[in-house]
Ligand SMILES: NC(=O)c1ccc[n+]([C@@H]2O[C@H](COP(=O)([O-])OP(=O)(O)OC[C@H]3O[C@@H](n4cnc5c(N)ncnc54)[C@H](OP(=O)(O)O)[C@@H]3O)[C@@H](O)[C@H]2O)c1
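Starting off, we have a lone chain in the form predicted alone, written out as structure tokens.
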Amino acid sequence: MSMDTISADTLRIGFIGAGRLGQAMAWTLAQHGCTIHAAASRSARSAQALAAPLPACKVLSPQQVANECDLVFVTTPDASIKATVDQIQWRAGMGVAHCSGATEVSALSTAADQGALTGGFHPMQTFSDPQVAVRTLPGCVVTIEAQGRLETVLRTLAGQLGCTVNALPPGMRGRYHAAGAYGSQFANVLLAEAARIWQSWGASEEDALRALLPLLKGTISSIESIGLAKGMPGPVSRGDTGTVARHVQALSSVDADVAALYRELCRRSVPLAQSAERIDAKTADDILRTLD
């Protein structure tokens, strides 16, 4: 069938790629009334794991998924998307969407050349644990880049998940995906740095996380309530130059790199504190001189 002749709730949806992202996407869509018709993967075990909780889902070859489904999500690793799509014969009028944040939709050009409608459908969420992602995916932001009927269908699917849609212009996927790192993987990096400091006096990573995770959750709640600038805690936001100086001195005795990262993060904190009118220009200059 063509995407023009069916509605979102009657779509036969297929997945090519059955890793953590594909599993979480398929299971979540199924829980919200979608028909997951088929799955394919280089690993038969992964495809079977995706299909196992979905009675209507068949394990097929990639070409069979394309033959039998109205909309196919390509959820392979980013580096494999184009090669996977290039090896398949696509039907005119069907939908093909990848779920990569960084890969341009042009990676699906072979499908587009054969008349398929192509696009991107990227949930701004983490998929380290598919079972957890099934709970956290609904309600997140989904970035959609598509045109015509496919855009309408993808927006409808996002709506069924209770997700907010972010429309992304062509060519912006690299910077868009890099921005996401600041809210995901770099949080891990910052907590790892903090745990390293705790370990300098003999505490464990578990000790550090037990103390720091509630602190992080409180900060996130403040950001949700009053925004990035006003929700920023810490000595820079209070104009406490003396504490900043003590931090630099203490961290320099741990490791020069630890102190250097702290200095750079504090420098980036100063404009936020100023924009929230927490510190004046003189205090900002004092903090920056202390850091230098």
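Predicted model, so just to flag it, every value in this text is computed and none were measured. A residue's number is simply how far along the shown sequence it sits, counting from 1.
The following text describes the form predicted in complex with this ligand, which does not appear among the structures shown.
**Student:** For S46, is any heavy atom within 4.5 Å of this ligand in the model of the complex, or not?
**Tutor:** Within the cut-off, so yes.
**Student:** Given that the partner is absent here, does L108 sit within 4.5 Å of this ligand in the model of the complex, heavy atoms only?
**Tutor:** L108: no, not in contact with this ligand in the model of the complex.
**Student:** Does at least one non-hydrogen atom of T164 fall within 4.5 angstroms of this ligand in the model of the complex?
**Tutor:** No, no contact at 4.5 Å.
**Student:** Is M94 part of the interface with this ligand in the model of the complex - any heavy atom within 4.5 Å?
**Tutor:** Contact with this ligand, no.
**Student:** With this ligand left out of view, which of T219, T156, S80, Q114 would have a heavy atom within 4.5 Å of it in the model of the complex?
**Tutor:** It is S80.
**Student:** Picking from 184-192, 211-219, 165-173, 95-103, which part of the chain touches this ligand in the model of the complex when contact means heavy atoms within 4.5 Å?
**Tutor:** Heavy atoms within 4.5 Å of this ligand in the model of the complex occur in 95-103.
**Student:** Would you check whether this ligand, in the model of the complex, lies within 4.5 angstroms of a non-hydrogen atom from each of G239, V244 and S275?
**Tutor:** Not a single residue of the candidate spot has a heavy atom within 4.5 Å of this ligand in the model of the complex.
**Student:** In sequence order, which positions of 127-150 have a non-hydrogen atom within 4.5 Å of this ligand in the model of the complex?
**Tutor:** Counting only heavy atoms within 4.5 Å of this ligand in the model of the complex, the single contacting residue of 127-150 is F127.
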